[in-house]
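Given next, in structure tokens, is a single chain: the form predicted alone.
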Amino acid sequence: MPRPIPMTFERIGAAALLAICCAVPALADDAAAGMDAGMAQATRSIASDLMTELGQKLKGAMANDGPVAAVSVCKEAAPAIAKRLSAQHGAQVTRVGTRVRNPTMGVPNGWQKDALAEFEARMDKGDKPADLEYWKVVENSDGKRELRYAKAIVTQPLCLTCHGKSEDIPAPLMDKIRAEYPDDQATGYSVGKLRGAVVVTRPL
């Protein structure tokens, strides 16, 4: 496969970047086995809302100031949106990564690591990224039932602008990433690789 061509700032379209890199892949139509269809769709909608709202914030930053400014916006906006959605829905909503950029919300816990591992295994078997969802109902440490849901985020071509090989990321952008995230691990991805997941935990 030819090596991806590094993206320059001039070649990055804000709308395209957001549509490809920041949107949750299309939701599957079938609900989880044994799951109430309304609950399933509502949970999917929460995950979608996180990425949609973040995309709107990034769109404004990209249009006005470019990718370097969008790094700071993402750092501040993503946790704030997740916190508000969590309070609004009485849930825990976040994004996690296979490699962590933002330790505020990117570090997967035990079950989220299981979800990511399941996604990797399914992708290796040829499952479509858009179909990758994880559902589980468990009894938590308080003895209460909760729904755990994850939706895969898969690396697309324009995602390489910020998550590709370090040497292919424009120097001003790489400097900004390092300044905002001194312990960043979220580079070195290639197209089609699992980037992470949107995760929702809801009490039942």
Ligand code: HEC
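Only a predicted model underlies this, so the values are computations on that prediction, with no experimental measurement involved. Residue numbers run from 1 along the displayed sequence.
What comes next is about the form predicted together with the named molecule, which does not appear here.
- Put simply, Ile46 is far from the named molecule in the predicted bound form: not one heavy atom of it is within 4.5 Å.
- Taking the partner from elsewhere, Arg99 is found to have a heavy atom lying within 4.5 Å of the named molecule in the predicted bound form.
- In the predicted bound form, the named molecule sits within 4.5 Å of a heavy atom belonging to Ile153.
- In the predicted bound form, the named molecule lies within 4.5 Å of some heavy atom of His163.
- Highlighted residues Cys74, Pro79 and Arg195: every one comes within 4.5 Å of the named molecule in the predicted bound form, counting any heavy atom.
- Of all the residues from 168 to 196, those having a non-hydrogen atom no more than 4.5 Å from the named molecule in the predicted bound form are Tyr181, Ala186, Arg195.
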